[in-house]
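Each of the two blocks below gives one form of the same protein chain as structure tokens; they are labelled structure 1 and structure 2.
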Structure 1
């Protein structure tokens, strides 16, 4: 099983195509009775930030959000919860992610496939992080070099 913490699963999984997630979730939820604590729904979230100058709270604006919170129940009466809140307009994506969350968190049949998806998605995210780091590294200003060659201060 992946050693990536549950709180990072969603970021990893959303690096993958939604069709892939839907296909795997569709196979893994077969045979379970599904009930919703929060039905799949798409809408908006409001982003609340702390301002960097005086540290007051304010709202920067809204973002698309889909969410779902479900329970998978087996024939033996055991039930397992999974949930997802994702920046997207697609309630089906939220539902698929909630299924994958439940399957992996409780090691339900097929959890290994979800674990692999998380690892694959995590690698994709890491690559994006590396690109951003290269953007920074390629444009880092070397003021030390500047001061060594020029005596004057620049305004």
Structure 2
């Protein structure tokens, strides 16, 4: 079982190709009766922020959002829920992620495979984070040198 917290699974899984996720989810949901709490759907989300000076709410912008919430039920009558919200215009991806969430969260058959996907995705995200940190460090400006030069100009 992965040591990665459930709240990070989605970020890790979305580092992988959607085709891979759909293929694995398609194999793992076979044999389960699937019902939707929320059907897979895509739309736009709106990001609301509050102005720091006047404390008035405003919308920064829109972003694509897909989500799904489902229940997998077995022949024994037990049921297991999974859900996903992803910044993408792809309801099939949200459905696949919800299936993978249910399988891993409840350790249903095939959870080891999903755990490996989460680990692989987490490694890809860690590498991406390292690259971004390196780019950020390269663009950092040291203003202390500028103030030392200005102080020297006054002399």
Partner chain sequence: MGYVAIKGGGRAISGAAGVLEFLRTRQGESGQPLDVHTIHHQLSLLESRVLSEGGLYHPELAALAIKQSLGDTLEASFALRAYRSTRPRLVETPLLDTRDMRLIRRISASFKDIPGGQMLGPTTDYALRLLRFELIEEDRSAFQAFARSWLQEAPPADLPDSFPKVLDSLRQEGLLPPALPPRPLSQGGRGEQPFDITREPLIFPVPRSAALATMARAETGSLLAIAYSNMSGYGDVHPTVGELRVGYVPILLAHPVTGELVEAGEALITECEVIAMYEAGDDGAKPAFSVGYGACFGHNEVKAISMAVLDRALQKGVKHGASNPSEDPEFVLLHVDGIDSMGFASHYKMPHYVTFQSDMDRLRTTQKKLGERETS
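Just so we're on the same page, rigid core means the largest C-alpha set that superposes within 1.5 Å between forms. Residue numbers count along the first chain shown, from 1. Given the structure is predicted, the values throughout are model-derived calculations rather than measurements.
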{"item": "Form predicted on its own - structure 1 or 2", "value": "2"}
{"item": "Cα shift between structures 1 and 2 at residue 139, which is computed once both forms share a superposed rigid core (Å)", "value": "3.6"}
